[in-house]
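Below, in structure tokens: the form predicted alone, a single chain.
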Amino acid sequence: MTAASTATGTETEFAAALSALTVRLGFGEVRNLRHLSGGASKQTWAFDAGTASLVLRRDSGTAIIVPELAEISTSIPLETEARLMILAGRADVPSPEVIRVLEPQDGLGVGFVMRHVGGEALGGRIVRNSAFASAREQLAFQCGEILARIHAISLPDTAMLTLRSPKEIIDTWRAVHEVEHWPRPVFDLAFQWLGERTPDVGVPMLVHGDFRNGNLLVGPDGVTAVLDWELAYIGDPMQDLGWLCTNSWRFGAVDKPVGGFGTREQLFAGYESGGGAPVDPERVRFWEIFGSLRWGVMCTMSTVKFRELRADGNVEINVDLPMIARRASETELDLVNLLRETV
């Protein structure tokens, strides 16, 4: 166990509270508790309880706050994530079973407990490992089918998520970009290009918001679970298809535009086979270009957070921040190539 567990008490108190919860739920005491990720604002813990393998996802309580970004956050609450995962499971979207949305009396903060699902989440392994060779042949088509099911989900409460137009999304990310206070002409050009070609939403639908290689669990037979719903919203469903095609999520397999494992034709065919409306490739390309820009801006925010931590002087600096920040240059090259193709 690591110091990350101290967000809601000591390590011992955290383990005891979690074990008390699993006993109340009828699983038994917690064993083999381990921290799976080093996220700044979210934690993921895996553990066994009785015969069950479970996962806890919760707020860390230690998010890096940049004052200028306080009003720009687009993340949804963890409780809403859990509700979306439940709805997704009912819609035949591969999804972990949510066991418990945490309540204050649980003493574990904000989050939820779900069943563990087997599969690989590391994108580089998915695109290269021979164990997934058979899965890769059908993965793009399967992702299209899954996205069609996600987009068809009807929310029981319209207040669950925000309706966001393409223009609002672009304006939001432009505002985030400006927080860096550093000239990036390629980003400025991309924002101009997108602003001049902003599409209509058409019929607003549930958008996952971060559907990509790296947020999917994959087994030998394909997708076993869709993860990380924290950026979900109501809007243009084609954003999900474009984001999946973004070069950053191909993990070096650049000749396979869909996640590094398939073709756009396979993805579009799967989407339409799964009940999705006919795909407009140009609209998907718009969102693919936006995807490279979006990830580039996200990388620059690691620079901003790094500066905030250095200025604080009393906080241990996470090495992930400068490592991610330097990847902004990769997206600048991607954007040059993408925009050149449109001329």
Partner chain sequence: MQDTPAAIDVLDTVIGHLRNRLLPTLEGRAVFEMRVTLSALELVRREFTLKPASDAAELGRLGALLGSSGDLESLNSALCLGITSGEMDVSTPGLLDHLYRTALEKLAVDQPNYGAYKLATGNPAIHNKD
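All of these numbers come straight from a predicted model, not from anything done at the bench. Numbering follows the first chain given and starts at 1.
Quick note: we don't show the form predicted together with its partner chain, though the next part is all about it.
Heavy atoms of A152 never reach within 4.5 Å of its partner chain in the predicted bound form, leaving it off the interface.
Among heavy atoms of Y233, none comes within 4.5 Å of its partner chain in the predicted bound form.
Among heavy atoms of R326, some come within 4.5 Å of its partner chain in the predicted bound form.
The shortest heavy atom separation between S248 and its partner chain in the predicted bound form is within 4.5 Å. The stretch among 99-107, 139-147, 122-130, 161-169 whose residues place heavy atoms within 4.5 Å of its partner chain in the predicted bound form is 122-130. Here is the short version: of V201, V223, V176, V186, the single residue with a heavy atom within 4.5 Å of its partner chain in the predicted bound form is V186. For the residues P77, G195, G252, G118, the 4.5 Å heavy atom test against its partner chain in the predicted bound form is passed only by G252. Not one of D59, T303 and F306 comes within 4.5 Å of its partner chain in the predicted bound form, counting any heavy atom. Residues M323, R326, S329, E330, E332, L333, D334, V336, N337, L339 are the members of 321-339 with a non-hydrogen atom no more than 4.5 angstroms from its partner chain in the predicted bound form.
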